[in-house]
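Only one chain is shown below, in structure tokens, and it's the form predicted on its own.
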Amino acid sequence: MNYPFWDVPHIGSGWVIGLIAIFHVMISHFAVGGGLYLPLTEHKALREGRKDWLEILRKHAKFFLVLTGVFGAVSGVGIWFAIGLTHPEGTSALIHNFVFGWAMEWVFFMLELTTAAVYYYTWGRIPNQLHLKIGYFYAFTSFFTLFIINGILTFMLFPGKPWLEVAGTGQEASRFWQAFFNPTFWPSLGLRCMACVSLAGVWALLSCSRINGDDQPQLKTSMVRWSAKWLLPSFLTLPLFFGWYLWEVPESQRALLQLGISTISSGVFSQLTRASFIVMSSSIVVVAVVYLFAWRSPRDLAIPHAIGVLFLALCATGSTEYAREMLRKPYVIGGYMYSNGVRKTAVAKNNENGYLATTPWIAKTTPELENMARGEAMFRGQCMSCHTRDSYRSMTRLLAGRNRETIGNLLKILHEYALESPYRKFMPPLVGTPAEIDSLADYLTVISQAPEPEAKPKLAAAPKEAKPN
């Protein structure tokens, strides 16, 4: 069934998911990495008798609890509202295929929230060893929330051949574990774990930058350098995990990345290419700045320096998530469901019976208005998952200057979806009957036409004054 589309002005509904999800990832990855940083740093402080470390760490734990427990939890729930409204077909597929996985994730999530609060509020009130065990238990639960979510997210890129063989037959549950441990699961998990560890160090540097280096030089030096070391594992292993990840990515998705890279010489940067360059450049700058300002001159690390490092690290994290989403094109679930919610197996059926056959809310009035209503319904259902009418990826701008025949030819290319078509790499096929596609062409022609300028009224000439004789 074609659901009514959630039309968000200017940015489109897809970016509502994107903004909430990127914000959530920035915090949730800190929740995992920071959850390991806290007990390990506490363990080190207790072993070395560094009571001054414990006081700084306690303040960091409070900040950690508020940021992850409030903003992380709220944005996580916000993702569910956004995807349910924006992509009901994709959300339904994920729920039906991963009910058991989502249930496990919510159990670990509730344990994670509870343990984080217990860890902070029992600070100094229970024996140190018991407090450490609570901290390590939190790290365990937060890691498994990442573990489960990683399986579902990587499934969306490439479910794997065993699951695709039974997709749509009602037997998908029999391939649950093959879908969960899909080909990109392990390299993606490695990438995310290293990102979590790095963010733990970056956020800790923000807390350490508040220490007065003149009054407590030894404390600030030791804590800043300890926190800076948390970026070293990522610097050494991320290239390896990234190479492994690309090796496992389906050939069609690698072609999408290569398309963006191959067009750089001609001055064309695809969005995937831009995101990839932001990830690489910001990551390199983060490592350089941390080495120069945190490792070599820890006493001089100021709050603006730490904020700058944090900003760059969050840019790298957000761009990575954006690139991962773009890499899935033209699918929302690789090889199974296109980004506009059309299942790959339903293309032929929609072409024969009509895409709008299950769309009961089209206005039934005059033939002209009904034709435009059909065209708008086609546009909302098949185009607005990636485009808007007038703003982000605006169709009025992309089609400006094209006449009805040119737009019809473009739609014909998208409908035929030939193997040699360049659109196959990033756009789903256009489905529907010839009449529905004609209605879409009529609608796009109307909205892409520039409004004619209003004729300005001519001013009457001022009467000439009579000249004196």
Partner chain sequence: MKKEYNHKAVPTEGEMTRGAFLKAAAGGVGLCYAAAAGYPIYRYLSSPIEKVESAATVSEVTVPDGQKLAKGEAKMFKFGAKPAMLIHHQDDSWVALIAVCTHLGCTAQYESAKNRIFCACHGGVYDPKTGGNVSGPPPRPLTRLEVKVTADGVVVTQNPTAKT
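Numbering follows the first chain given and starts at 1. In this text, all values refer to a predicted model and were calculated from it rather than measured experimentally.
Form predicted in complex with its partner chain: not shown, discussed below.
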> Can you pick the one in Met326, Leu238, Leu85, Ile149 that has a heavy atom within 4.5 Å of its partner chain in the predicted bound form?
Replying inline: Leu238
>> Can you work out which of Ser385, Ser209, Gln253, Ser234 has a heavy atom no more than 4.5 Å from its partner chain in the predicted bound form?
In response: Ser234
> What stretch, of 158-166, 199-207, 329-337, 279-287, brings heavy atoms to within 4.5 Å of its partner chain in the predicted bound form?
Replying inline: 279-287
>> Taking any heavy atom pair closer than or equal to 4.5 Å as contact, tell me whether Pro434 reaches its partner chain in the predicted bound form.
In response: no
> Quick one: is Lys133 in contact with its partner chain in the predicted bound form, heavy atoms, 4.5 Å cut-off?
Replying inline: no
>> Is Ile413 part of the interface with its partner chain in the predicted bound form - any heavy atom within 4.5 Å?
In response: yes
>> Test of understanding: in the predicted bound form, would Tyr423 fall inside 4.5 Å of its partner chain by heavy atoms?
In response: yes
> For the stretch 387-402, which residues lie within 4.5 Å of its partner chain in the predicted bound form by non-hydrogen atom distance?
Replying inline: Arg402
